[in-house]
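Just one chain is shown here, as structure tokens, and it is the form predicted on its own.
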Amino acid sequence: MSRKIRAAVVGYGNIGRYVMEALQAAPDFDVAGIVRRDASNVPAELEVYEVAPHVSHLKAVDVAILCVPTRKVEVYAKECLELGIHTVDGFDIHGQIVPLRASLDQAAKRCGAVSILSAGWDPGSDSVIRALFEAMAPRGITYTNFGPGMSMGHTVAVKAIEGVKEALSVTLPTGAGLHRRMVYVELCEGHDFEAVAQAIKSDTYFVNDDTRVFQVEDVETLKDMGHGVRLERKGSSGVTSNQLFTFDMRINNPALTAQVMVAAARATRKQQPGAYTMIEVPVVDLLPGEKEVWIKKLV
């Protein structure tokens, strides 16, 4: 049996906790440690692991799984890549993936490491499904309909806005790939709701969607980690039209995000140095064990 992959979990919020569960369940991983800003804050479930303030304090790390806010991914990824540590992240601002890939590709190649970015379920595993749909029907239109459910990336973005004490962003599909964002906020004392609402609607995460903001007394009573997506494509195979494909799932949002990130962490050891999105990684590289076994089982 080959040596197990030593993974560091950077950040221990919603995603970090589920990444730990996925690593503990995986047959080919060891947990190298957890990186937290306050390394002295060690909850009971982490007492058997090394907890450090920076990944450089951990020993023999093969890959760092970055469970940090999207807008901090580039900084954390480059710090790890500079140490020769592979990285996986869940960057989820679709319009900024291409420049991030270029930036991380340069850093990864310089340091002889691998970075797999935007490795959640969308972008991520859904991107792979969309690519397969395109191959099956080269002419046509694909609609991605999210929800209903809590969007973690959007929620984190709202929490970062000045005046927001606590927040929840819920995505509602309105059809044909269009969405409504229902944002619920608790305000810090002394802040104006209208100003906060305008700041939310102007944020990159929300500016292209129908966004509605509500002030509430207690966000916690509204939270639910459930989410979902329905991908639909209608197009043509060759010159034959009326090909209709549907992919539908209902999920626990952070648990699936974490599982895909762990699968991508496995795949980092099988790529040449550089940065990759999920559609560039062979699907079989996401799976544990020998490739030939999976070919026999799945083909």
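Here the structure is a predicted model, which means the values were calculated and not measured. For every residue, the number given is its place in the sequence shown, counted from 1.
The next section is about a form of this same protein that is not shown, the form predicted in complex with a further copy of the same chain.
Student: So a further copy of the same chain isn't shown here. In the model of the complex, which residue out of His191, Arg110, Lys223, His94 has a non-hydrogen atom within 4.5 Å of it?
Tutor: So the residue touching a further copy of the same chain in the model of the complex, by this definition, is His94.
Student: a further copy of the same chain isn't shown here, but in the model of the complex which of Glu79, Glu134, Asp203, Asp209 has a heavy atom within 4.5 Å of it?
Tutor: Partner contact (heavy atom, 4.5 Å) among the options: Glu134.
Student: So, Thr246 and a further copy of the same chain: in the model of the complex, are they within 4.5 Å at any heavy atom pair?
Tutor: Taking the distances in the model of the complex, the answer for Thr246 is yes, it comes within 4.5 Å of a further copy of the same chain.
Student: Under a 4.5 Å heavy atom criterion, is Lys296 part of the interface with a further copy of the same chain in the model of the complex?
Tutor: Heavy-atom contact with a further copy of the same chain at 4.5 Å: present for Lys296.
Student: If we define contact as a non-hydrogen atom of the residue within 4.5 angstroms of the partner, is Gly238 a contact of a further copy of the same chain in the model of the complex?
Tutor: Yes.
Student: So, in the model of the complex, is Gly289 in contact with a further copy of the same chain at a 4.5 angstroms heavy atom limit?
Tutor: Gly289: no, not in contact with a further copy of the same chain in the model of the complex.
Student: a further copy of the same chain isn't shown here, but in the model of the complex, which of 121 to 129, 173 to 181, 215 to 223, 193 to 201 has heavy atoms within 4.5 Å of it?
Tutor: Of the options, only 121 to 129 has residues within 4.5 Å of the partner.
Student: Does any residue in 189 to 217 get within 4.5 Å of a further copy of the same chain in the model of the complex, counting heavy atoms only, and if so which ones?
Tutor: The stretch does not touch the partner at all.
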